[in-house]
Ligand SMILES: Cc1cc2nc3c(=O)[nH]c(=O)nc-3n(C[C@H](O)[C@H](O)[C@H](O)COP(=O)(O)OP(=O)(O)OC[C@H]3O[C@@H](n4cnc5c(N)ncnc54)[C@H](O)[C@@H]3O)c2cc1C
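A single chain comes next, written as structure tokens; it is the form predicted alone.
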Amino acid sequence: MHYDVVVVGLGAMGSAATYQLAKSGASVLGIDRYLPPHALGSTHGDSRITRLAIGEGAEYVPLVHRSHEIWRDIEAQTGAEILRQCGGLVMASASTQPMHGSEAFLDHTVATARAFDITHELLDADDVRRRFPHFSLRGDEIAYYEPSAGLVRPERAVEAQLQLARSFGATVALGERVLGLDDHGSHVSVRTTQEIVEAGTVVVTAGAWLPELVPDLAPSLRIYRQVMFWFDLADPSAYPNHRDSPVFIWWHGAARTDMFYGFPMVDGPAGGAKVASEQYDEVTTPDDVDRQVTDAEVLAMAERHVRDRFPGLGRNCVKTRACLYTVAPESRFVIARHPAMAGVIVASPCSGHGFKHSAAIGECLSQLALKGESVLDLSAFGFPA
């Protein structure tokens, strides 16, 4: 079998690329070793934050703007609710806020909003208390509020894009593992557990499984286990405020470990309020990662981040999930042709902050594969040296 493009990995980036390629009229095969949307990689957990003012760098802003447009179009085509612009807060007491390669995340967010004329407000602690009374602040916080920020539903986005990809003629092979790639110059062979197929271009969007498919990248990447928690309501009367909450990123100290983030209660009062933090101390692999979340981890999250800041929430977790961050140097993205295999495009290590950009990245990957260049500038996301 020969295809114009084969996409390996059908999570956030891969499902978006498969959809965009099929929509463009290409013959495309999308392959995934599991049954996406699934909870074994990075594209799960009910919700992902999206924000237009990107504290990680101005080069990301065009991607998230375009992603919002694409998601609205997908919603119109499928009827799925994918993007909810419920507003977003970035809050901090300290002067530095390290996150995703940015050492002054709040300051960079404000600067990016001003540079791109993104509607926003700067709030003090009293402003936040008046508008969002479910947050318990110390009183020295400053906050950035962006009304166009919000959340994306990752499982729905993947499912909708694969549905549309099939409707445009894509072949989707699930439960099929890719064993290796061979670039022959004129085409690339893809060896799977089921067959060998050929393509003019292969797009590898395999996330945490990338190091085994593109070994050249393995020394540059680190894979970290992260945990998400959904806490119940201690006070049922607090539900309306948690239901209507903005998404948030919150530092209550100067260290990386003093940061956590969270979401409104999107699945009713019994669904829990989702919160999570990030850790970059222990590396893992997709095969070795512990997907079970312990009672000690739940207690630590409740005591460190939740108890003193959300009086309406309890300490009981209604759900937990582990996920994987595949992190490139300086928490950058890698979206580029392989330097030694011209027929292979890599787009996967998005360093824990990629989902909000994934719809536009899929469109860019389609353009790269079919036309040799993308409309949006991807020059900042080359292969690690």
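Residue numbers here begin at 1 and follow the sequence given. Please read these numbers as outputs of a predicted model, since none were measured by experiment.
Heads up, the form predicted together with this ligand isn't pictured, but that's what we're talking about next.
- The closest non-hydrogen atom of Ala17 lies beyond 4.5 Å of this ligand in the predicted bound form.
- Proximity of Val334 to this ligand in the predicted bound form: non-hydrogen atoms within 4.5 Å are absent; the residue sits far from the partner.
- Taking non-hydrogen atoms only, Ser42 approaches this ligand to within 4.5 angstroms in the predicted bound form.
- Using a 4.5 angstroms limit between non-hydrogen atoms, Glu176 touches this ligand in the predicted bound form.
- Contact with this ligand in the predicted bound form, judged as any non-hydrogen atom within 4.5 angstroms, is confined among 233-241, 220-228, 181-189, 122-130 to 220-228.
- Proximity to this ligand in the predicted bound form, defined as a heavy atom within 4.5 Å, singles out one entry of Leu213, Met265, Ile82, Ala149, which is Leu213.
- The single contact residue among Leu324, Leu52, Ile70, Val327, judged by any heavy atom lying within 4.5 Å of this ligand in the predicted bound form, is Leu324.
- Residues Thr205, Ala206, Gly207, Trp209, Leu213 of 186-214 are found to place at least one heavy atom within 4.5 Å of this ligand in the predicted bound form.
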